[in-house]
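Read the single chain below, which is given as structure tokens and is the form predicted alone.
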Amino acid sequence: MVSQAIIPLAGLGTRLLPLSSVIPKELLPINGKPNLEYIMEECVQAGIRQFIFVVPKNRPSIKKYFFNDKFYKKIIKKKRNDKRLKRVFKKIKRYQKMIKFVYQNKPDGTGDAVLKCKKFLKGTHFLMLLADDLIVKKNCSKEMINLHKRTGGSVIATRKVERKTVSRWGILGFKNKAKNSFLINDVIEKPKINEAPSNYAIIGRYILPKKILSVLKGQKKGKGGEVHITDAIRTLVKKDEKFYGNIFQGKYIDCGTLQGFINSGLAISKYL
């Protein structure tokens, strides 16, 4: 059973400057709600019971967003008849019981972020989501968990991208393609066009086996001087660990760039 979700939140958000110089990119509001909450709602609806946030110690705003009881109680005391405010606080209190914090003081990559969570991981598999990537209209995490239940394997969310853009993505090689899934036989981080095994890209959702921790522990840094989760996945795939690509049915929204963030409000209002 997949009941835990890791969300790495230690990135610098440079593609969203100057906005991210004041507010962490994960808390920037989209239609009145930060993209982090959209992702959490997706997870809760898919059956996730615990979130592990990977944050730097010098960025207290994410923790304050969810653990600011004194502020809410003071406002609610003054505005006793504000039902909306009470609903908001009730939701925040529910999230408080689900959140654990792990610290990554410099952005050393998704692989390093997962390794930092070692002491909290309990089951055989866990979910990891990247906060830049929103998938709306259909619940991608639920699709992935269903595929995991059917196959017993690990799962990566994927969709087709233009061949000329493959160097921007982690790209999957595959075989045994079905309607909405395939068996992965290769993973390459940001390949050149002539090295890409396909044009199916990884999109910010992973169901990973706990055994990946032993791979990450001895893994060297890859492109950009970071420990990439894709490199560890590739190691396991080459050892015949079963990984499946889930060709998700929802609408993908990239919130990690300034233009993507600007467009996200309109896109979300259209599909929600």
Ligand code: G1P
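Quantities reported herein were computed from a predicted structural model and do not represent experimental measurements. Sequential numbering from 1, following the sequence displayed.
The protein also exists as the form predicted in complex with 1-O-phosphono-alpha-D-glucopyranose (G1P); that form is not presented, and the subsequent description refers to it.
Within a 4.5 Å heavy atom cut-off, is residue 144 in contact with 1-O-phosphono-alpha-D-glucopyranose (G1P) in the predicted bound form?
It does not: once 1-O-phosphono-alpha-D-glucopyranose (G1P) is placed as it appears in the predicted bound form, residue 144 has no heavy atom within 4.5 Å of it.
Do residue 203 and 1-O-phosphono-alpha-D-glucopyranose (G1P) share at least one heavy atom pair within 4.5 Å in the predicted bound form?
Yes.
Heavy atoms within 4.5 Å of 1-O-phosphono-alpha-D-glucopyranose (G1P) in the predicted bound form: does residue 133 have any?
Yes - in the predicted bound form, heavy atoms of residue 133 and 1-O-phosphono-alpha-D-glucopyranose (G1P) come within 4.5 Å of each other.
Would you check, heavy atoms only and a 4.5 Å threshold, whether residue 169 touches 1-O-phosphono-alpha-D-glucopyranose (G1P) in the predicted bound form?
Taking the distances in the predicted bound form, the answer for residue 169 is yes, it comes within 4.5 Å of 1-O-phosphono-alpha-D-glucopyranose (G1P).
Heavy atom within 4.5 Å of 1-O-phosphono-alpha-D-glucopyranose (G1P) in the predicted bound form: which of 159, 86, 190, 137 fits that? Just give me the one.
Here the answer is residue option 190.
Heavy atoms within 4.5 Å of 1-O-phosphono-alpha-D-glucopyranose (G1P) in the predicted bound form: which stretch among 73-81, 87-95, 145-153, 125-133?
One stretch meets the cut-off, namely 125-133.
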